[in-house]
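A lone chain, given as structure tokens: the form predicted on its own.
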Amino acid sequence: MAERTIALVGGGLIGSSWAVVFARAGHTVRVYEAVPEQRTALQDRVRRLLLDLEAEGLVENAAAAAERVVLTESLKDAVQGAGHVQENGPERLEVKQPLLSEIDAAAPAEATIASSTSALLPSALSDHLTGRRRFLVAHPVNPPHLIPLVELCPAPWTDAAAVERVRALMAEVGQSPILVRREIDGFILNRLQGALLHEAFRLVEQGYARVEDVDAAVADGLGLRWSFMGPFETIDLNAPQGLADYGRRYGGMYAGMFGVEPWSGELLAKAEEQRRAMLPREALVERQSWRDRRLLRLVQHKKAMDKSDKEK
């Protein structure tokens, strides 16, 4: 990758975790953090996170990786010569807009610029920037050094080449980038999480379940499959003929639960086509066996961890 030097603006919890992501992949990481307390804590935090990863065999040389993380005295020093700049400032538009203006003015013209925001839309963040065509949101899941998903959401004016460069960078450092094709509040992950939380609170509020039972329904049920498969692959493997078959069998049941229209035949056909492009129908049985083997190992792991927790 050309972006061997990465600049991080903001070195709090997310910034520290980003520093680990890029440093363990071999990049030089320059960090600017304006808050004195966070500056003091940052390098110790990065070193500790890297040592934790090394202890689990996830980093070969924690000390060498930590040396690649350098604190700078100014934002300008951080972004100088960087191929990519990741902004991690407070989640307030009135703070991020001027901060991004400063980054845009100081960063090399060829550098990509991304914000770690979890809620602010890229158009609102970048409409005032001279270099807005190189800007996008790259929203991580906290903490990104342990959870690889990164949501890439461009503004309407973002260059496709900038999106591709950031996508390639994130893949190269071991993250799992997904593309939000159009701006939407909450992006993808928080909309999915929000839907589940909304129903979880409703079930508790109306007395159908206690908090611990809702948690168990996910941790010991849905979450086991969802830890390595998404909802579409899950239902694709839960019906003899795949996703569309599942939709025809159970779509009415789900529609009745929430008082909405069943999934249309057109929507089922679209989702079915996308799934079959990834997995031919004749491979469904083999993939179901793969799912069961993964679940077997996951259940064994959970039992071992539960036993270890009880022995502490």
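The first residue of the shown sequence is 1; numbering continues from there. These figures come from a predicted structure and were not determined experimentally.
Just so it is clear, the following notes concern the form predicted in complex with another copy of the chain, a form of the same protein that is not shown.
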Exercise. Among H128, R92, K76, R181, which has any heavy atom within 4.5 Å of another copy of the chain in the predicted bound form?
Worked result: R181
For this session: Using heavy atoms only and a 4.5 Å cut-off, determine which of V35, L58, A283, V70 is in contact with another copy of the chain in the predicted bound form.
Result: L58
Problem set entry | Answer range among 62 to 70, 39 to 47, 25 to 33, 248 to 256 for contact with another copy of the chain, defined in the predicted bound form as heavy atoms within 4.5 Å | 248 to 256
Exercise. Is P108 close enough to touch another copy of the chain in the predicted bound form, meaning at least one heavy atom pair within 4.5 Å?
Worked result: no
For this session: Classify D104 as contacting or not contacting another copy of the chain in the predicted bound form by the rule of any non-hydrogen atom within 4.5 angstroms, answering yes or no.
Result: no
Exercise. Should E311 be classed as touching another copy of the chain in the predicted bound form when contacts are defined as heavy atoms within 4.5 Å?
Worked result: no
Exercise. Quick one: does D220 come within 4.5 Å of another copy of the chain in the predicted bound form, counting heavy atoms only?
Worked result: yes
Exercise. Within 182 to 198, which residues have a heavy atom closer than or equal to 4.5 Å from another copy of the chain in the predicted bound form?
Worked result: R182, E183, I184, D185, G186, I188, L189, N190, R191, L192, Q193, G194, A195, L196, L197, H198
